[in-house]
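For reference, the chain that follows is the form predicted alone, supplied as structure tokens.
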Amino acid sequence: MRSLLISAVLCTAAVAAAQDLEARAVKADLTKDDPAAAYWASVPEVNVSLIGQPMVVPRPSTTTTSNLKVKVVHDGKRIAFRLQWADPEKSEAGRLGQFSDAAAIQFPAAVADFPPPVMMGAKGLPVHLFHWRAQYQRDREVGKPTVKDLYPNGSIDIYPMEFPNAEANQGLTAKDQEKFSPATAEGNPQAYSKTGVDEIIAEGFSTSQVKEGHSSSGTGAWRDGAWSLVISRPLAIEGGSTLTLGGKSWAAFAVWQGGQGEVGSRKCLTMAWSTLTLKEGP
């Protein structure tokens, strides 16, 4: 049985073959993520193949995203990836059972001659991920929805600062409300509003840890059944991955279609690393 599984994985990996990526140097402000910026027109596009994640349960029932269009630029200090993929609907999560469209880029977290295992690294062989969600971007642009926004016909009668009677809310503070939000009270980084991108360090399945205080960012635009997303990051990140001009590294990708019930391990991804080189000069 194990040999059959390994053979199946090798076959699917061949389908999602690696691609060579080259980051072109541009004179632009890459702190402003713009999927429609003029400089993208002169950058070569690489088609990267994805498949439904085949290794860990729960797995997706099919490959919803089979192709990812990738362009890469840098300005000597920062690198930006533009990712484009087909998605028939814009999904930003919200109510229970609703999930967000998302995408992630993964890098080796340590400089080495060979990359770690592409499936989230391994013990002592960490990977560094940049995970964008449409949900985070919605929260940044228009604010995080309240329970009342999501369930307008619901009635709240126990949460501080949300009592129907205004007099009962007098003197209450955000700290009082946190008593009913354990994740916020304990400082769980997933409990706060996001800037668009999570930075994550992992050393294998189920080991993801969100890093705080990062300077990566992401902005996506959905139009006519497709996402166009830019994720940017500094070349060197302390405690994470480092990319060097003229040097070689690797990158891997994943996409989630929230409208198709994809979340967590239910995703489409590359089963092999793509080589990444940063071209010097204009």
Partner chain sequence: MSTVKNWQLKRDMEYAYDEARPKRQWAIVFDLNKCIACQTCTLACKTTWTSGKGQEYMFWNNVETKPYGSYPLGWDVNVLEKLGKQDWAKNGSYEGKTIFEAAPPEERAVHFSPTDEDWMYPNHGEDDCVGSQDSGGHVGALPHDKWFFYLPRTCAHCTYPACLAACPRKAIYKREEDGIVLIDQSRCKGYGECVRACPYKKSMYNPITRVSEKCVGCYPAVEQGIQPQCVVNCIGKIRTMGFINPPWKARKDNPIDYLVHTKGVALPYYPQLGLEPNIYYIPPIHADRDYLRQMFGPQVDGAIERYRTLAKDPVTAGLLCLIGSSDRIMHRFTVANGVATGFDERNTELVKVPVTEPIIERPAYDEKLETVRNNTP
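Just so you know, these numbers come straight off a predicted model, no measurement behind them. Residue numbers count along the first chain shown, from 1. By rigid core we mean the largest C-alpha set that fits within 1.5 Å across both forms.
Below: the form predicted together with its partner chain, not depicted.
*Asks:* Out of L172, A122, A86, A183, which one falls within 4.5 Å of its partner chain in the model of the complex, going by heavy atoms?
*Replies:* Contact with its partner chain in the model of the complex is made by A183 alone.
*Asks:* Taking heavy atoms and a 4.5 Å cut-off, does K194 contact its partner chain in the model of the complex?
*Replies:* Because a heavy atom of K194 falls inside 4.5 Å of its partner chain in the model of the complex, the answer is yes.
*Asks:* Taking heavy atoms only, is F163 within 4.5 angstroms of its partner chain in the model of the complex?
*Replies:* Looking in the model of the complex, residue contacts with its partner chain do not include F163, since no heavy atom lies within 4.5 Å.
*Asks:* Can D139 be called a contact residue for its partner chain in the model of the complex at 4.5 Å between heavy atoms?
*Replies:* D139 belongs to the contact set for its partner chain.
*Asks:* In the model of the complex, does V147 have a heavy atom within 4.5 Å of its partner chain?
*Replies:* V147: yes, in contact with its partner chain in the model of the complex.
*Asks:* Check for me: heavy atom within 4.5 Å of its partner chain in the model of the complex, for each of T64, N67 and P117, yes or no.
*Replies:* No, because T64, N67 and P117 lack any heavy atom that approaches its partner chain to within 4.5 Å in the model of the complex.
*Asks:* Where, among 51-59, 23-31, 214-222, 236-244, do residues come within 4.5 Å of its partner chain in the model of the complex by heavy atom distance?
*Replies:* Contact-bearing stretch, as computed: 51-59.
*Asks:* With the partner left out here, which residues of 240-277 have a non-hydrogen atom within 4.5 Å of its partner chain in the model of the complex?
*Replies:* The stretch touches the partner through G261, V263, G264, S265, R266.
*Asks:* Fitting the rigid core first, would the Cα of Q98 be found 2 Å or more away between this form and the one not shown?
*Replies:* For Q98, whose C-alpha is compared between this form and the one not shown after core superposition, the shift is less than 2 Å.
*Asks:* Answer yes if the CA of T207 moves 2 Å or more between this form and the one not shown after aligning the rigid core, and no otherwise.
*Replies:* Shift at T207: below 2 Å after core fit.
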